[in-house]
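Single chain ahead, written as structure tokens, the form predicted alone.
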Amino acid sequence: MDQQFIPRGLQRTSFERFLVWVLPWVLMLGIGLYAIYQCLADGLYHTNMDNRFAFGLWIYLDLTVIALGAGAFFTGFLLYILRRDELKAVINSAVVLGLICYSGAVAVLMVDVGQPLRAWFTFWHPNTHSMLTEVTFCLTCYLTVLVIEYLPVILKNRKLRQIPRFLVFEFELHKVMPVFAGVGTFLSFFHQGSLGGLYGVLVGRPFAFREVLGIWPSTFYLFILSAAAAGPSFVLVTTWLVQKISRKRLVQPGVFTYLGKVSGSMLMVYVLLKAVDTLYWINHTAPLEGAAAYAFYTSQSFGSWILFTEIVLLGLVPAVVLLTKRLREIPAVLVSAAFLTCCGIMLNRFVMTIQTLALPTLPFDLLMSYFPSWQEVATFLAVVAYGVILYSLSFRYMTLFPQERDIRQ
């Protein structure tokens, strides 16, 4: 019975083996839902965050998955707007990844608010001077766009295509996909930037504060560039993992190399601008705020090694590898460089979220410590489990990789 829902021309494992794969993730999701229930029913005292350390693991998770989920908007932009047809092979997968990342981020934000029944306040009583208001509106609208982009993927299911109305609806949706790709690019552009701009305007946090370029701080532009660099790499790494787990070739090798080239180009631009921004902050912005930049790296937890790792080891090195054609054509090197790119963006979001709040802002302040509670970790893992389950179901019952039909092992 299960096989009737699997697209024609594709081979999938037995339903029993699929259940064995999904069961541990369902268990992890269940534990996470229990932790979420505790936080919503009893209060956020279950977390280790407080009034001074208001951002923790959950906000770090939001910033990270939103950056990695940028593969959806950037891949759609390249395919539908710039007409890079090579990306047809991964656009469905990119949409699913984007939907997972953004819906997971919104779900965690509802828990982080502490009173989700009042979440509508931000829409009805918006603070027009807050960047988070723009982020809220853009996140909600872009999640709606991703749901619409996900509909054609669902409607391609062999059983649903037997219903004439669904078949016509799916055909008509394809005609307007370029419009949604353009809208998604616009929305994602601004909320990615505003998330970075949020830290850049924190005058009371000299570690994060940046000078204004135009009407936005430099972190606004850096967050956009870093997300555009990480998105294609995340799609590349995910596709490679799915190939290994399913033991199938899902795309032609040229798709991997093109994703690596795009990611490397964006990453190199980001690394160069990040280096310039850092040097300007060290020599001008921080001293102007009355802080010596070296003082932020005196603690053992956040030494200068973390800056070197972010910019050089997880930035410049993978950028050079991805831009070198000879190295890009070696699968292991290509995937490793893409993985390092994702790690570099994850480290950047950690620095902006955790290190910014941990560092003292006044001479008599001490370095703040924070370690997430098990409820925070369980909620974090619940988003991961939810993503794996949704992607597994999508891969099994939908056509995420059109080239899979034509490729033979």
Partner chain sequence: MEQTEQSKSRYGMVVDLDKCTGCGDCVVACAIENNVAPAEQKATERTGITWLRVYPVTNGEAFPAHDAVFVPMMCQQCGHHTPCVSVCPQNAVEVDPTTGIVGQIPQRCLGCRYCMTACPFHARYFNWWDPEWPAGTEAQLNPDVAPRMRGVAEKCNFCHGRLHAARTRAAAEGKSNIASPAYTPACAESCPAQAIVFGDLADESSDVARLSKAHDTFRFLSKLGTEPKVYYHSAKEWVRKMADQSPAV
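Just so it is clear, the model here is predicted, and its values are computed rather than measured. Residue numbers count along the first chain shown, from 1.
One more form of this protein, predicted in complex with its partner chain, exists but is not displayed; see below.
Only one segment in the set 119-127, 80-88, 265-273, 312-320 has residues whose heavy atoms sit within 4.5 Å of its partner chain in the predicted complex; it is 119-127. Not displayed here, its partner chain is approached by residue 204 to within 4.5 Å at the level of heavy atoms in the predicted complex. Its partner chain in the predicted complex comes within 4.5 Å of a heavy atom belonging to residue 291. The shortest heavy atom separation between residue 331 and its partner chain in the predicted complex exceeds 4.5 Å. Although the partner is absent from this view, residue 114 contacts its partner chain in the predicted complex, with a non-hydrogen atom inside 4.5 angstroms. Every member of the trio 40, 49 and 53 reaches its partner chain in the predicted complex with some non-hydrogen atom inside 4.5 Å. Taking 246, 133, 252, 278 one by one, only a single residue has any non-hydrogen atom within 4.5 Å of its partner chain in the predicted complex, and it is 133. This chain lacks the partner; the member of 343, 368, 26, 33 within 4.5 angstroms of its partner chain in the predicted complex by a non-hydrogen atom is 368. Residues 291, 292, 295, 298, 299 are the members of 291-313 with a non-hydrogen atom no more than 4.5 angstroms from its partner chain in the predicted complex.
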